[in-house]
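Below sits a lone chain in structure tokens, taken as the form predicted on its own.
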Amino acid sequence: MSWRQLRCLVSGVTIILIPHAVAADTYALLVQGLGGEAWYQRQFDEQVDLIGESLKGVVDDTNLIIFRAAEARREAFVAWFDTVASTSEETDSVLIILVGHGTFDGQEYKFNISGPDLTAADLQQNLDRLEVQTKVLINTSSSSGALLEILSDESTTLLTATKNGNERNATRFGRFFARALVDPGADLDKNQKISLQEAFDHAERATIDFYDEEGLLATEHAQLNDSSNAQLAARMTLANLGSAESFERSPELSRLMEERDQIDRDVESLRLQRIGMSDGDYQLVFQSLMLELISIQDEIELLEGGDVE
């Protein structure tokens, strides 16, 4: 769904493109789940944009597949595993990233996509088909922590936005994780690359700060289970920051982006505090914030397009 389509639903999306170098022998799948409503759709669009552009720099083009929400169906997911299982070598790596909503009913975890949802059993059965030495599954959805017990073994590294399946609220970790991949501040060793560990640490801190600053009880606790190899997370590169020029912004563009981010935070805080508000009051404040966001987004697009000095 494009920004202009979402604009009709009073929402918006910003795409930040980052050039990167290429590495081989890694098969990557990025899956965008259903947003359910315009606000979450915008968030997932932005996250997939950022993660996808970052992966283009560290994964060969022929080995990177991105399923947007309309394309993300169970049969496409299984078909991708068919291809990787038949073409990969034992020394290769597989990286799977799920961006969206998840559910857990106390027994079964599901990742929400069009048609039949992806279940924990689907993930386990298909991962077991791969005879590669390195498998990494990143799941930023709600209830994603349910996979920790189901999929934890010596062959798969798991990153989840929650510590168990009972943390069912929509997560903020995914947004911070995606932004970490283009943030020089996440590059702790200053090697111009963002590793899995660095991205996790940066996003975890940002998530904790969000709840602290809003005075809210945290409803998510991200986990990184790297039982397959104690050093894997530290060395696996998810993004190449490239030249410093790619991060240069005019003071005006930086200001607008900061304002946009603050509105994002205001909307998330509003959603968390919706209980106790009447539907009318909530919709009035929500729409006001969305209209302000659209205005700022228009200015950002003009500046990024070079139409405004």
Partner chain sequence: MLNKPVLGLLVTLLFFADAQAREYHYGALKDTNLLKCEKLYWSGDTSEADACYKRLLNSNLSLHVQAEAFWALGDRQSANSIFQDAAKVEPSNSIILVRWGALYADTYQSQEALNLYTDALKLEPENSYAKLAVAEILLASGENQAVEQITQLVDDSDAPTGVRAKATLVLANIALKREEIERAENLLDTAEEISSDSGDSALMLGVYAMRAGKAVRTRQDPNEWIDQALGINPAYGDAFAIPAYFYMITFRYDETGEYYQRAVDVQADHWEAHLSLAANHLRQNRPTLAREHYELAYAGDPFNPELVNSLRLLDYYDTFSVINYPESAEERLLPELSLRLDTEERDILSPYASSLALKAIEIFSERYEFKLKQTAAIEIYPNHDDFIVRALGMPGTALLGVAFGYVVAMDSPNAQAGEDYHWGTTLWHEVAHIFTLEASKHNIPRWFSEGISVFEEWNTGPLNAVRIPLHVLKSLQIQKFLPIAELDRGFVQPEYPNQVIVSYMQAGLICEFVRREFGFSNLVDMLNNYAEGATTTQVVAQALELAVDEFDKQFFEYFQQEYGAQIEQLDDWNALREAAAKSLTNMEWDDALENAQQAIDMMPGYVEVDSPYLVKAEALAGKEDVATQMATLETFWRGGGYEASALLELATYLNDQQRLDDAIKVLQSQLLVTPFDLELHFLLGDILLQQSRAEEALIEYQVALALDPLDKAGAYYRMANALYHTGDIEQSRSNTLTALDLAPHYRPAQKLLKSILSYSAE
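From a predicted model like this one, the values you see are computed outputs, not experimental measurements. In this text, the rigid core denotes the largest set of C-alpha atoms whose superposition between the two forms falls within 1.5 Å. Positions refer to the first chain, counted from 1.
Not on display, but discussed next: the form predicted together with the partner chain.
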Using a 4.5 Å heavy atom cut-off, which residue among Lys110, Arg168, Lys135, His202 comes into contact with the partner chain in the predicted bound form? His202
Interface check vs the partner chain in the predicted bound form: of Leu216, Ala76, Ile208, Leu188, the one with a heavy atom inside 4.5 Å is Leu188
Name the stretch: of 62-70, 25-33, 271-279, 44-52, exactly one has residues whose heavy atoms fall within 4.5 Å of the partner chain in the predicted bound form. 271-279
Does the partner chain come within 4.5 Å of a heavy atom in each of Thr83, Thr87 and Ile97 in the predicted bound form? no
Would Asp266 sit within 4.5 Å of the partner chain in the predicted bound form, counting heavy atoms only? no
In the predicted bound form, is there a heavy atom of the partner chain that lies within 4.5 Å of any heavy atom of Lys56, even though the partner is absent here? no
Indicate whether Gln283 is a 4.5 Å heavy atom neighbour of the partner chain in the predicted bound form. yes
Just give me the residues of 275-293, first to last, that have a heavy atom within 4.5 Å of the partner chain in the predicted bound form. Tyr282, Gln283, Phe286, Gln287, Met290, Leu291, Leu293
Is_shifted Met257 between the shown form and the other one (CA, 2 Å cut-off, rigid core): yes
Does Asp61 count as moved between the shown form and the other one, where moved means a C-alpha shift of 2 angstroms or more after fitting the rigid core? no
Asp266: CA shift of at least 2 Å between the shown form and the other one after core fit? yes
Direction of C-alpha distance change in the predicted bound form, Asp266 to Glu53 (at least 3 Å): farther
Cα separation of Glu198 and Arg265 in the predicted bound form versus here, shift of 3 Å or more: closer
